[in-house]
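Below, in structure tokens: the form predicted alone, a single chain.
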Amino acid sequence: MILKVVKGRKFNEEFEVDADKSISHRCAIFSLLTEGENRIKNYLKAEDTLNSLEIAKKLGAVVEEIDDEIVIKAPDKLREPDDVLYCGNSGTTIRIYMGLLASNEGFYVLTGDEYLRRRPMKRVINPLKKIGADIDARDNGNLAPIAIRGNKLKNFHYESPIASAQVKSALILAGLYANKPSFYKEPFLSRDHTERMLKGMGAKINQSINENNECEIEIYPLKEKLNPLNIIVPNDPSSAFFFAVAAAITKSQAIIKNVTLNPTRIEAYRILEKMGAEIDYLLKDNKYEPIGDIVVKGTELRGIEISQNIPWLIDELPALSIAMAVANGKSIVRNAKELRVKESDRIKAVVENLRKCEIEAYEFEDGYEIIGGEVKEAKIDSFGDHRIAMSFAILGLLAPMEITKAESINTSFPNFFNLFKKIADYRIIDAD
């Protein structure tokens, strides 16, 4: 599919984006740890999150849709599936399920689409194997498909070399089924939905931040099943951020409705604010997660250097690169090597595509440098990566863009085009 963005316009619009993907995935997976009925409103019905739900079914959960709720009843014991478990394009699905399945008796095979099968898995597989997990994978234990023989795991004291919510979540789930309390440490607090949700469900998990800003977590084994979820999934600030950038670069106003205001999820908005955008955060609720509205007003943007809090904004960096491309002066991103192992090599994708737009950009091993300038019409290769495709669609508000392999957008943000038509004229062309 080719997306041709013809023209953008200045706007003052409200955006009710899709439900949060990270929280939706966790609702499906964590429901398997409970007794009783899990009731989930506003579950994201995108390809990846539906795959997480389908896996829960194959593991024995009974899933019904009643009115506007997804109702999930977990089995007494996880069922060994008679087929592979397909995770689509979702690193969250495959990595978090690894932690759960490695500690539950049975044989399981996890796989995904062609892009997921290229992404590294040793960061989760190796620490699980160290605590007794029986796991193997392609490419010397690094790439999906992944075969798991679930069994009882030992407790652990693991220091992760990276701050990763997916690694942390997998190890926390393993720790819940260990024989004694376990300890997990990461060099910086990564996104903490797993800790928040599991604690809200009754798990005993203690978290602290030491004097070096390192995050330490103590995980106690489950003595009984967790309380079922009763949750309204907030909307996704990561998805909404594309429209925040759109407002910033066109000097427009966007009101982002009902998103999580979790500090680990809105760092990109803080960066955009430092670049000159006017942003207000309006808290409305704070049960499982802080929820509210974000109001973004575009003004003249200035370049910025980013090297801190990278785990909190890693997914939004491609969209931030669009703001950098039109900001006054130079912007630099460092300590973001993780971008190279996302759905595409996002460092390469950002730099190569900005150069096509006649924006000066330079690639580092762990980031890039962008000199703001005047954007020119270009043909963009999304590399099959939804965030690259949507980021350059937003840049199309300033100059016409033709974006290849744009079908990836439907994988994670099925409502993107309905919202995008509020602010742009575009055409979708079948690549065949």
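This structure is a prediction, so every number in the text was calculated from the model and none was measured. All residue numbers refer to positions in the sequence shown, first residue = 1.
Missing here is the form predicted in complex with shikimate-3-phosphate; even so, the following discussion is about that form.
Enquirer: Are all three of Ser164, Ile314 and Glu338 close to shikimate-3-phosphate in the predicted complex, meaning a heavy atom of each within 4.5 Å?
Expert: All of them do, each having a heavy atom within 4.5 Å of the partner.
Enquirer: Can you check 22-30, 38-46, 53-61, 377-385 and let me know which stretch has heavy atoms within 4.5 Å of shikimate-3-phosphate in the predicted complex?
Expert: In the other structure, the partner sits against 22-30.
Enquirer: With a 4.5 Å heavy atom cut-off, would you call Lys73 a contact of shikimate-3-phosphate in the predicted complex?
Expert: Judged by the heavy-atom cut-off of 4.5 Å, Lys73 is well away from shikimate-3-phosphate in the predicted complex.
Enquirer: Using 4.5 Å between non-hydrogen atoms, is Asn227 touching shikimate-3-phosphate in the predicted complex?
Expert: Contact check for Asn227: no, nothing within 4.5 Å of shikimate-3-phosphate in the predicted complex.
Enquirer: Considering non-hydrogen atoms and a 4.5 Å limit, does shikimate-3-phosphate approach Lys342 in the predicted complex?
Expert: Contact check for Lys342: yes, within 4.5 Å of shikimate-3-phosphate in the predicted complex.
Enquirer: I'd like to check something about Ser160: if you look in the predicted complex, is any of its heavy atoms closer than or equal to 4.5 Å to a heavy atom of shikimate-3-phosphate?
Expert: No, no contact at 4.5 Å.
Enquirer: Which listed residue (Thr264, Asn104, Thr92, Gln253) meets the criterion of a heavy atom within 4.5 Å of shikimate-3-phosphate in the predicted complex?
Expert: None of the others qualify; the residue that does is Thr92.
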